[in-house]
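Just the one chain here, the form predicted on its own, laid out as structure tokens.
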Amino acid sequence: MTLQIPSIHYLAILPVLIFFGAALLLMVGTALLRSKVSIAVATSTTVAVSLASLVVNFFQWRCVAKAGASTTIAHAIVLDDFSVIASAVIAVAVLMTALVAHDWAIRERVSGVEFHIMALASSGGALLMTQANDLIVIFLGLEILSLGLYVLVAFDRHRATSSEAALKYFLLGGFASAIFIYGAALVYGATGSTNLTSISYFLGSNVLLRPGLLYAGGALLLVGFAFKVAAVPFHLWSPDVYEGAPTPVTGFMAAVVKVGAFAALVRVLISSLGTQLDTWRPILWVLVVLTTVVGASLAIVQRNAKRMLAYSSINHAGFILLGVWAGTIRGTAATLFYVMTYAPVVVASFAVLTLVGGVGDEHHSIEYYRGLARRQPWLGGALCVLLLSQLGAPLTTGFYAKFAVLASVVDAGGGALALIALVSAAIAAYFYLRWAMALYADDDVEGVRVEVPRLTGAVIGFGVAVTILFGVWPGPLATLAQHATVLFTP
């Protein structure tokens, strides 16, 4: 009996290998070395890994430009412009998170490299999801991403809320994973394959007389994805987990999880189930309406900054789903542009929250931000810009991101859906502007000044620079997104 080994294009999977290899190296080094591996070494390793992954992404981009998109490992992994850009966004988010976590760990006297090991492993799972061309590979990436996050959420052992949040996330995440894999099994039963390309070919060349099995499987897959992106009504875990997790972890979740989950969702719904557009669009329509409106409405009543940004993240998930609902090349480009610009902004926003949270990571009431911009103009002004970007104010990346997804929906005939999303954006403007006004409040009581370490300050400055630079000049990022919209189908 001959063992058939599939051909492997190592350039395609090199970013995943780099992240997993670095996590393994840190883990083995910690176990074998007599002296403890320092936080500085772990942070430097994570930063180096992120930069190396970006370099590989550059060569991947050139490879796709010359030879076109391709698949490898028995067509389970795809290398195309879409996966390259999504992987680069994840690498940038990991780099920013590592710098913020470094200063946070020193402040909280957290020793060891476990944080960085879990972050690298989770990021590797997210990278796998961006390249997956098979439902089984998507599930593997989803589980690798989730398992690391369960540990990261519970990382602050001195806070009971951190352990509580991790338990909630673990239990609900387990249910969501079971639902997802059951949906994959039903889709396999209906089409005879878990490969996304094979499923697309089968549905394009055959008429299902009894499509109930496919519809049930697709619905369960959508539920699994909806949980990961915190779409309503599968969002109930999000506010508690965002509040309970260490703040750098919250920023990591808000960025990396969304990029990985939405990349996989686009591949499944548009690249694989594109022939069933009229079937899943009504379901997605309801999800978009609930997610945008509920996310914005519940954020208004929050007094905790982390919970407020949790509901804000839910609202953003609804906007990103608009591009998926469009189901067109323009919609896919808008979705990718949105996650490209949202990731650095949200990590930088939570970097500010990490600083204001102080020792113990407890000071997250909105009252702690009153007058911050008057006491520390640079820090308060930076947070104000980041909030305005999430609001979608002109001359920020958030404006063009929301405009792009709304335009794609209108172009696809979803005028009513776009109008509802606009109403939710108007509702969201209330809590963003209320927070921004609190930053410049002129109170008689002298507030506490926040110490800004250099690495965290650099992350905040980078996030502000990205949202202003590409808010004024969005062309380069928009061009990248447009070139990466055609998902590969062999």
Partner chain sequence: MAHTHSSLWLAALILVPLVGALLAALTRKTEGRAYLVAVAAASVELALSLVVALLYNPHFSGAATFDFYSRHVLAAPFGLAYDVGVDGISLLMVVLTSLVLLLALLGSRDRRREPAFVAWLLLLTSFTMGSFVAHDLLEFFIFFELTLIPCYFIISQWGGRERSRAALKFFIYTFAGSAFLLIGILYLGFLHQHQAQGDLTFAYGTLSSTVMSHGTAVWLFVAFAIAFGVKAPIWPLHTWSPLTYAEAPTAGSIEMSALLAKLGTYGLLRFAVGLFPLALATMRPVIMTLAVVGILYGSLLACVTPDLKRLVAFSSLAQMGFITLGLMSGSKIATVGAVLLMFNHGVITVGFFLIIGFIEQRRGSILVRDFTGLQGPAPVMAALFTVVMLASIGLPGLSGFVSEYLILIGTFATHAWWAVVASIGVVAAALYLLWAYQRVFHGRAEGANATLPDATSRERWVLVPVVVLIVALGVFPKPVLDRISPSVQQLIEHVAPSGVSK
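Positions refer to the first chain, counted from 1. Since this is a predicted model, take the numbers as computed values, not measurements.
There is another form of this protein, the form predicted in complex with its partner chain, and it is not shown here; the text below is about that form.
Under a 4.5 angstroms non-hydrogen atom cutoff, its partner chain in the model of the complex lacks residue 59 among its neighbouring residues. Although the partner is absent here, residue 94 sits far enough away that none of its heavy atoms falls within 4.5 Å of its partner chain in the model of the complex. By the criterion of a heavy atom within 4.5 Å, residue 425 is counted among the residues contacting its partner chain in the model of the complex.
With a 4.5 Å cutoff on heavy atoms, residue 429 counts as touching its partner chain in the model of the complex. Of the stretches 241-249, 389-397, 85-93, 261-269, only 389-397 has residues with a heavy atom within 4.5 Å of its partner chain in the model of the complex.
In the model of the complex, no residue of the candidate spot (51, 54 and 200) has a heavy atom lying within 4.5 Å of its partner chain.
Exactly one listed residue, out of 289, 298, 418, 277, brings a non-hydrogen atom to within 4.5 Å of its partner chain in the model of the complex: 418. Checked against its partner chain in the model of the complex, the candidates 356, 105, 294, 384 yield a single residue with a heavy atom inside 4.5 Å, and that residue is 384. Counting a residue when any of its non-hydrogen atoms is within 4.5 Å of its partner chain in the model of the complex, the hits in 406-421 run 406, 407, 410, 411, 415, 418, 419.
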